[in-house]
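To begin, one chain is listed below as structure tokens, in the form predicted on its own.
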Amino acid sequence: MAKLRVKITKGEEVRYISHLDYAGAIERAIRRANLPAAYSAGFNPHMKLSFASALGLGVTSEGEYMDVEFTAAVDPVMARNKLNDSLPPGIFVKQSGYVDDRSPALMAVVNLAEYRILAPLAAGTEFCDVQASLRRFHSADEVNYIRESPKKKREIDLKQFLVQDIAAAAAGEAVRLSMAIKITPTGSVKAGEVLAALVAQFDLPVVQDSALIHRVGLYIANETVRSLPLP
């Protein structure tokens, strides 16, 4: 058994497909590429794929990670090229390499996500209004956000997941926000949830519905070092 780790994208073309459909598109591409994918045993065998972290609907990324198990090792460059020939537009394998098949699951080691948000400024506002909003956000001891699901509501303190202050830069008639969010064994928060709290609770003057959220990367991090989960 060989475990190939790949770094892949989720581009504009597939921004609005779910994580399940995203994984399904990759699985079909692996089959089309005739790569020796391994399957689980039992009455309903499934391809042995695992992802570092699911990406929210509407969010693009240049740095997702996936492990796929093969029954035999094949050249990683050849596997990457065959996959890219079979993947739909918007999904692209950027890097690949083998990891020890006993290595921990990606989901167990990736603990940090970096995001960039580009949002148009609301009419009649300026970048200084953004800076004032962020100052209020950063000075708050906690920022509670109500996450709603069909079955329950849950209150989350967003600030416990933010590694550092949110950075902002003017971008013409828009603002660019950068943030780093912890991924913990008990959960995480979405960049869109942080943006929603900024708008609703701290009057961030942007057009929230037109914001473009992009995941810049996923990392294995400690207090001083951020490394990529690649071999």
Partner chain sequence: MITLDPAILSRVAKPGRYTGNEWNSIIKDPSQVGITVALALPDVYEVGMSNLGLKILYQIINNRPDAAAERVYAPWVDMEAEMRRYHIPLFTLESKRPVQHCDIIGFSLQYELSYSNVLNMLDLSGIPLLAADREDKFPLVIGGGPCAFNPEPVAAFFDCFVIGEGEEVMEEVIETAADWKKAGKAGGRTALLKQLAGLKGIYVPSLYSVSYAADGTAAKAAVNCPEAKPVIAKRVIRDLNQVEFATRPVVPYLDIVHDRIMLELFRGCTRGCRFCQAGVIYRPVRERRPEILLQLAQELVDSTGYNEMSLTSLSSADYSCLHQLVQALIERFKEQGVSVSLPSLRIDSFSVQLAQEVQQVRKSGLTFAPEAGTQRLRDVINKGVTEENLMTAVGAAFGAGWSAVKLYFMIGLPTETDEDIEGIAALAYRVLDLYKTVKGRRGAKVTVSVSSFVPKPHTPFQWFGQNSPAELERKQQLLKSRLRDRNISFNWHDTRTSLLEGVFARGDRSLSQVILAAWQHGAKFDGWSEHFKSDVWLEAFRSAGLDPYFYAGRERKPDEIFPWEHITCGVDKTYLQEEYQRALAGAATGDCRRDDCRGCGVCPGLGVEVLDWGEQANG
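Numbering follows the first chain given and starts at 1. Please read all numbers here as calculations on a predicted model, not as lab measurements.
Keep in mind the form predicted in complex with its partner chain is missing from the figure; the text below concerns it.
A.B. asks: Is Asp203 one of the residues lying within 4.5 Å of its partner chain in the predicted complex, judged by heavy atom distances?
C.D. replies: Output for Asp203 is no: heavy atoms all beyond 4.5 Å of its partner chain.
A.B. asks: Asp209: heavy atom within 4.5 Å of its partner chain in the predicted complex?
C.D. replies: Result yes; Asp209 sits at the interface with its partner chain in the predicted complex.
A.B. asks: Can you work out whether Pro45 and its partner chain are in contact in the predicted complex, taking contact to mean some heavy atom pair no more than 4.5 Å apart?
C.D. replies: Yes, contact at 4.5 Å.
A.B. asks: Are any of the heavy atoms in Ser86 no more than 4.5 Å from a heavy atom of its partner chain in the predicted complex?
C.D. replies: Ser86 belongs to the contact set for its partner chain.
A.B. asks: Quick check on this chain: which one of Val163, Leu57, Ala54, Ala167 has a heavy atom within 4.5 Å of its partner chain in the predicted complex?
C.D. replies: By the 4.5 Å heavy-atom cutoff, the listed residue in contact is Leu57.
A.B. asks: In the predicted complex, which of the stretches 180-188, 195-203, 61-69, 26-34 has residues with heavy atoms within 4.5 Å of its partner chain?
C.D. replies: Careful reading of the contacts points to 26-34.
A.B. asks: What are the residues of 9-30, in order along the chain, with a heavy atom within 4.5 Å of its partner chain in the predicted complex?
C.D. replies: The stretch 9-30, when checked against its partner chain in the predicted complex, contributes Glu13, Val14, Tyr16, Ile17, Asp21, Ala25, Glu27, Arg28 at the 4.5 Å heavy-atom cut-off.
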